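There is one chain below, alone, in structure tokens, taken in the form predicted on its own.
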Amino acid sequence: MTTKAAAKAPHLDLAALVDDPGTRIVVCCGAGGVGKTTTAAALGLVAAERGRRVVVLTIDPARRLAQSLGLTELDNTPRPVAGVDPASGGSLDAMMLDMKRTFDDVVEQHATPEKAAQILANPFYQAVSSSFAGTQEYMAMEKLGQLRAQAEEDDSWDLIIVDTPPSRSALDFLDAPKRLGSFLDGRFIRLLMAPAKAGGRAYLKVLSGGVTLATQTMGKILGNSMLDDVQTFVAALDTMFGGFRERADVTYALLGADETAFVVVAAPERDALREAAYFVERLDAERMPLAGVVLNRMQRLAAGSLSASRAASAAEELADGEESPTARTTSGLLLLHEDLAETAARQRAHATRFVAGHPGVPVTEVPAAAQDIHDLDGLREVGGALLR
């Protein structure tokens, strides 16, 4: 029954996905260490060489994407990738999210020069923009929205590929508008706004024990002048709060639009597939457009290869027979084949169980590469496997 369910799994046709001009955004998500960044880069490269004008946005601070694309660095500005075949008229740019730089850009764009300078110099703002929980996810949405708006304005790109953080937090950007609204509308922020709206003495009267404890905790991090810094920050940023919420909601709607497709990347191992199941179920609950799942690094053996047990038996027979260099070499190769065959069988069993549990989810498999992917040729090979 399980095998039958696996045989009926719909095929994830990534070639059709990237060739479709109606696909404008592809979001690659998945657990860490499954090859998600490589998948995003490979999709971007093959899409560009099939005629799309692509920008790849990575939120993963690792440098793998820059290295595989032949760039010395990635930053908050899209940079063209050299070496892309121009025959089809496509192009490829790449960038890495700089959380604080993106926040700074938003402030400078939506505040007067005087007020922007006041906000950027504020110690509390500097802490929030660098390390506040949820800032990275919100700024990822902000940057995606910026890229989409730029693409609409100057027709620079017709496909945006987003490589998300390597953990379950990769889906936290789905909660960003709600979390941001809760923070901005929360009691603590409203208390901090009180001096500007009701006079300084009213502020001291409404501070509860819980808020006092919170301010003491934050004071240990930001120093004795924390309350003044926070109050100044809130007063300066007050006029921008509505804009933050509005843009976050617009980007959230964009993620659920027909032009967006989510691709969940997983390795064929128990923990990675458990994470993939979480992503699939969460996306379904949020009614986000899931294209399907990429089972990456599948170990494959040639048709007619020995099973693990037969390879082990053959190696044992050689070990019991003549001792010679040839026999030892052959025995070693048979033991290596046994390991590969066991890995392939284990991965196939995990993949079969996953598909049986999610029978309507399209799946495609990418074989394990013989070596690490570190250049465009390697990405093309991965891309070719993705689009089969």
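Model, not experiment: these values are computed from the prediction. Don't overthink the numbering: it's just position in the shown sequence, from 1.
The same protein has a further form, the form predicted in complex with a small molecule, not shown here; the description that follows concerns it.
**Q** Quick check on Asn296: any heavy atom within 4.5 Å of the small molecule in the predicted complex?
**A** The answer is yes: Asn296 has a heavy atom within 4.5 Å of the small molecule.
**Q** Please determine whether Ala16 contacts the small molecule in the predicted complex, using a 4.5 Å cut-off between heavy atoms.
**A** Ala16 lies outside the contact set for the small molecule.
**Q** Looking at the partner-bound form in the predicted complex, is Leu376 within 4.5 Å of the small molecule by any heavy atom?
**A** So Leu376 does not count as contacting the small molecule.
**Q** Is Ala31 close to the small molecule in the predicted complex, meaning a heavy atom pair under 4.5 Å apart or at it?
**A** Yes, Ala31 is a contact residue.
**Q** For the chain seen here without its partner, which of 34-42, 48-56, 356-364, 342-350 has a heavy atom within 4.5 Å of the small molecule in the predicted complex?
**A** In the other structure, the partner sits against 34-42.
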